[in-house]
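Shown next as structure tokens: one chain only, the form predicted alone.
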């Protein structure tokens, strides 16, 4: 039996270059090696109170992007979190053994409470419990997570072990962070700061369905500097970001040419950006076309969603039948 892997994404917007190189490329490999459950976390998205129309459109887009980019519903389980009601049931059970003090100390909750003081809802507080339910529902062993999710995964282990101790039953395994055995790619944003992020604004981000005109404008406006102060000068962080983006889509010869130009102190950033924009368009165009054609195939997306829900619920129902028995919920009627 293959080990189980679980990963989810909140439907808060389009996937971007950072999502693709930072995680998604590895998901495509994982589906051939493990029993994978990839879900669209629509329950999680409710903490920011999306409108029904926005939520419906967002989850459909993420599903289409998942499929267009290479997830195969015959090889893995792709599903909407809300199509598996057992998720909410396990969330409730785990909440009964989660404590206010430990939840209030979670870094992401403290940050949300600081940045959105008018929306400190219970869902934000118990976000790690719902994440634990997502993972433990399938008794997953491996969970691909970024640095910002490591504390949540540690709490999932805490809740699993606490359940096992309370009921004297080694039922839930300890989920571990997945190691791809390769250095994860950190995709920089276009505004000269850290990694590419939707939270930094659209000007920082290249979406996987970015129109050619918009793509060109964003790259040409990307932050650089005034040029090397002397031959051999180190690259500034903003310029290094541009070279890091080039490493994703340009040929080694192209990168070598501009690297030499920088070392000689004669680099023209306008030429570099034009080349980067052209190569990025070559890379993005097939994905953009595939995403749009997949989005338009409503019947196929519905079939995939139904298949994923059935597969996910089968796993979830097996887990929850045992959880209810362990806790002591027995049926005294037929």
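Here the structure is a predicted model, which is why all the values come from computation and not from measurement. Note that the rigid core is defined as the largest set of C-alphas that superpose within 1.5 Å between two forms. Positions refer to the first chain, counted from 1.
From this point on, the text means the form predicted together with a small molecule, which you will not see here.
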Quick one: is residue 60 in contact with the small molecule in the predicted complex, heavy atoms, 4.5 Å cut-off?
-> no
If you check in the predicted complex, is residue 149 within 4.5 Å of the small molecule, heavy atoms only?
-> yes
Any non-hydrogen atom of residue 190 within 4.5 angstroms of the small molecule in the predicted complex = no
Examine residue 134 and determine whether its closest non-hydrogen atom to the small molecule in the predicted complex is within 4.5 angstroms.
-> yes
The listed residue (71, 239, 196, 94) that reaches within 4.5 Å of the small molecule in the predicted complex by any heavy atom is 196
Interface stretch in the predicted complex with the small molecule - options 158 to 166, 123 to 131, 206 to 214, 257 to 265, non-hydrogen atom within 4.5 Å | 123 to 131
Superpose the two forms on their rigid core, then report whether the C-alpha of residue 85 is displaced by 2 angstroms or more between this form and the one not shown.
-> no
Indicate whether residue 244 shows a C-alpha shift of 2 Å or more between this form and the one not shown, with the rigid core used for the fit.
-> yes
Rigid core fitted, is the C-alpha displacement of residue 18 between this form and the one not shown 2 Å or more?
-> yes
